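Shown below, as structure tokens, is a lone chain in the form predicted alone; questions about how it binds or moves come after it.
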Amino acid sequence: MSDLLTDAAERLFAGRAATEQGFDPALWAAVAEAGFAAALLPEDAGGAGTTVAEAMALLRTAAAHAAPIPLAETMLAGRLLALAGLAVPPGVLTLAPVRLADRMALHRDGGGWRLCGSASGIPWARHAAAVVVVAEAAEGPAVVRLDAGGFTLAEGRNLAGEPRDRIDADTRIAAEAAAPAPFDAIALHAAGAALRSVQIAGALAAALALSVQYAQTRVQFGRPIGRFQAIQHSLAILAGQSAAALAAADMATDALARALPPLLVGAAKARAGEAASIGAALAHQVHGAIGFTREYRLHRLTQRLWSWRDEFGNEATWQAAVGRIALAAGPDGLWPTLTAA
């Protein structure tokens, strides 16, 4: 089933996703109709029985085509609603908070609830039918479905032009739109990091393919530039970074399927972020000035790599987290900790 899904996704995204616009509603409609946005949902919540690995293969394909749609966010938000036992609405979904410094609080308000707080950098919030919030409540973390119109919004963008908005809420929430959360905001941050690791792997693999193709066809001094040793060296390093990112994506996928072990998530996001930094620079070195032009596809990939590298924690953040785990394990516990992961 995995190969069939990936082939279907490749056909859907090919030739349609490389646009300058921040959101492609026609592409999103096609993705939703194909059921890709529900790939992480359990079957009893409207999912099609796809595994976490199959869902991540779809996400990696979308990233390789720089698809201007909120597939990762909708997948994860829908899964969180389903795990909390809340109804999953149709349309675009996103998540909050995405930064650990942001807090949103849920308080009792008569027979319902009141959600208060702010969160910045929310992906695709302006297009969302609902924002799925992991809020702090007296009883513990709670999942809240904050429907469009229930918050004020200040628009923002990341380097790639993807919407990253600030939301402010002080609104009443119906009783049926909130439930105890299956995990807290820290785990939500880790899940987002895992998804970004998968997306980085997809975009970097596409940047590698584009760079190899360019090196084979661009002629300088009477021969393709791919025959020059310096270019071959750069492509070899780029291929190594892409392979490392794919390994990190596999680790992130495993983490998602295993309740997000911090060591797996941290190692995956840190290594994917490092690969994004090195790989994007090498791809542009191979291409020269053409790589930055609007009509050429490379910059749509590398700008996403630079943006996703920093979202849900950059490599320094996750390297520090991995270091803390190693220190806590101590000399005798380090190897058992590594092998258990």
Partner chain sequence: MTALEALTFAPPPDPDAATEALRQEVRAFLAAELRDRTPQQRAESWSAADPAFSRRMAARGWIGMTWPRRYGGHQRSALERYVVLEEMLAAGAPVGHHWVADRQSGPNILRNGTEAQRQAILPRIAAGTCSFCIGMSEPDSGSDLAAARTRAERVDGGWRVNGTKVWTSGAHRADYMILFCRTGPAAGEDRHAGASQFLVDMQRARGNGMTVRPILDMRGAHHFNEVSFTDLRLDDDALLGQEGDGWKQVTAELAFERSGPERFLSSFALLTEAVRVLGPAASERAQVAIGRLCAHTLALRRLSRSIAGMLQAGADPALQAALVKDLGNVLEQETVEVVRLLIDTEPAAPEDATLAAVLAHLVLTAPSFSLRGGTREILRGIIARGLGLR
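Numbering follows the first chain given and starts at 1. Note that the rigid core is defined as the largest set of C-alphas that superpose within 1.5 Å between two forms. Treat the numbers as computed from the prediction; the structure is a model and nothing was measured.
As for the form predicted in complex with the partner chain, it is not shown, yet the points below apply to it.
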query: Listed residue (Ala30, Ala48, Ile290, Ala316) with a non-hydrogen atom within 4.5 angstroms of the partner chain in the predicted bound form; finding: Ala316
query: Answer option from Ala129, Ala247, Ala87, Ala105, heavy atom within 4.5 Å of the partner chain in the predicted bound form; finding: Ala247
query: Within 4.5 Å of the partner chain in the predicted bound form, all of Val212, Leu235 and Gly330 (non-hydrogen atom); finding: yes
query: 4.5 Å heavy atom contact, Glu311 to the partner chain in the predicted bound form; finding: no
query: Any non-hydrogen atom of Arg196 within 4.5 angstroms of the partner chain in the predicted bound form; finding: no
query: Contact label in the predicted bound form: Gly323 to the partner chain, heavy atom within 4.5 Å; finding: yes
query: 4.5 Å heavy atom contact, Gln241 to the partner chain in the predicted bound form; finding: yes
query: Option from 169-177, 115-123, 225-233, 137-145 whose residues, in the predicted bound form, bring a heavy atom within 4.5 Å of the partner chain; finding: 225-233
query: Any residue of 242-278 that, in the predicted bound form, places a heavy atom within 4.5 Å of the partner chain; finding: Ala243, Ala244, Ala247, Asp250, Met251, Asp254, Leu263, Ala267, Ala270, Arg271, Glu274
query: Leu334 C-alpha moves between this form and the one not shown by 2 Å or more, core aligned; finding: yes
